[in-house]
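Next up: just one chain, as structure tokens, the form predicted on its own.
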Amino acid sequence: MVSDVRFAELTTLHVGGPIERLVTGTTQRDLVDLAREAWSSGAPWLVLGGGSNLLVGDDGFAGTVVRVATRGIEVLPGGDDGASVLLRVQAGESWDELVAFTVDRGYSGIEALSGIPGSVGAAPVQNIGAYGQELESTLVAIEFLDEFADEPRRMTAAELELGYRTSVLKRGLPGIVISIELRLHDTSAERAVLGEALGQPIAYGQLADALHVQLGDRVPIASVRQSVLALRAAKGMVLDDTDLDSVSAGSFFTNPIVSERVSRTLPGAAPRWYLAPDEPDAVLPLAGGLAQSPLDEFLALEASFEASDTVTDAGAGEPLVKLSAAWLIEQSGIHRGFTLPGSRAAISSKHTLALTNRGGASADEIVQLARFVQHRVQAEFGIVLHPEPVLVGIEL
């Protein structure tokens, strides 16, 4: 089978060349069989979900693309304790549609993850998180088909070694996520008493401000979802055919993690956070206080994207410090809406962490802009930014 489909039709960046062979699994059995067939051929293969974190070159992909389009949400036994519900969700489900499903039924635990593009199967790969919630807090297990295996196996959340935007899957375990299991809070009992479904305690300052509540307060789940969608839309982070800023792959560059020694070469106003095992990040101002609003903005961008961090130049035992990629980009002279002359690719007009397709851009134009950003930041600060999306057929 020779496909006439291009990646530009299947990715949120709307760029990418032709797919040599495209197969789509709409049931779990189909997905397993198609994956095994692809692996047995010995040809290159690639799994595709929602296409929200992928940049493919204009030459396309010479191999088999296994598209995950399985659907299904089911309630499993074991969550009938009156306080929780256990769900199994097929990998091809839309993540945001899953969140909407849970909110409508009064299941709490992922409402702050509203609006994140992509499929359910991609969620555990990066342990997605936003506005004070992470998948890790509700994920029980996944069904995973190892490369060349005959049938899927169950992997618990502990086996996935989930961390901040990382997992064993992201670190290179080859295969395909078939489904995930989530344990959520069932608000039925509370609704019977209070008349409304309250979500988990609000754990993120910007979201609390938007809801006009204090950190730790509980508000209706539907209100949380509505506020998160509004916050994300204001940054172009909700897919919208009328908003060119949403034609992106989300956060294009990861937040660098450097040694304390390297961090001290930056201006004192640079946002930075010491990293310590099992402890929350702490703001480390080196010269005077940081203005609250810019810091909140960068924190919100960081939390709202499916972004991972990149460790740079850290010696053994030396304290690590996380930097803001957005701050580095802006301070290198690249502003929101920036574009190279004649290019159809541009920095988002709402924030600097996204590279956008303003209409008809090629993958090469996206790459040229990304390289320019890298070069400017490296020239100004000596730090190399690394891309967050999966790159296929191209290099930066």
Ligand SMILES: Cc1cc2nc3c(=O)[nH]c(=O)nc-3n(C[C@H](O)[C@H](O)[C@H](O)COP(=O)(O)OP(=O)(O)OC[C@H]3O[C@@H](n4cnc5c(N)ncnc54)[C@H](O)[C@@H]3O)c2cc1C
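Just so it is clear, the structure is predicted and the values come from calculations on it, not from any experiment. Numbering starts at 1 and runs along the sequence shown.
Unshown form predicted together with the named molecule; subsequent notes refer to it.
* Scan 64, 53, 357, 348 and let me know which has any heavy atom within 4.5 Å of the named molecule in the predicted bound form. => Contact check passes for 53.
* Asked: So which of 109, 106, 271, 129 gets a non-hydrogen atom within 4.5 Å of the named molecule in the predicted bound form?
  -> Contact residue from the list: 129.
* Asked: Might residue 322 be said to contact the named molecule in the predicted bound form, defining contact as any heavy atom within 4.5 Å?
  -> The answer is no: residue 322 has no heavy atom within 4.5 Å of the named molecule.
* Asked: Applying a 4.5 Å heavy atom distance criterion, does residue 250 contact the named molecule in the predicted bound form?
  -> Looking in the predicted bound form, residue contacts with the named molecule include residue 250, since a heavy atom lies within 4.5 Å.
* **4.5 Å heavy atom contact, residue 236 to the named molecule in the predicted bound form** => Close contact exists here: in the predicted bound form, residue 236 approaches the named molecule to within 4.5 Å, heavy atoms only.
* Close approach of residue 46 to the named molecule in the predicted bound form, 4.5 Å, heavy atom -> Yes.
* Residues in which of 183-191, 116-124, 213-221, 198-206 have heavy atoms within 4.5 Å of the named molecule in the predicted bound form? -> In the other structure, the partner sits against 116-124.
* So which residues in 150-177, when you check the named molecule in the predicted bound form, have a heavy atom no farther than 4.5 Å from it? -> Those in contact are 165, 175, 176, 177.
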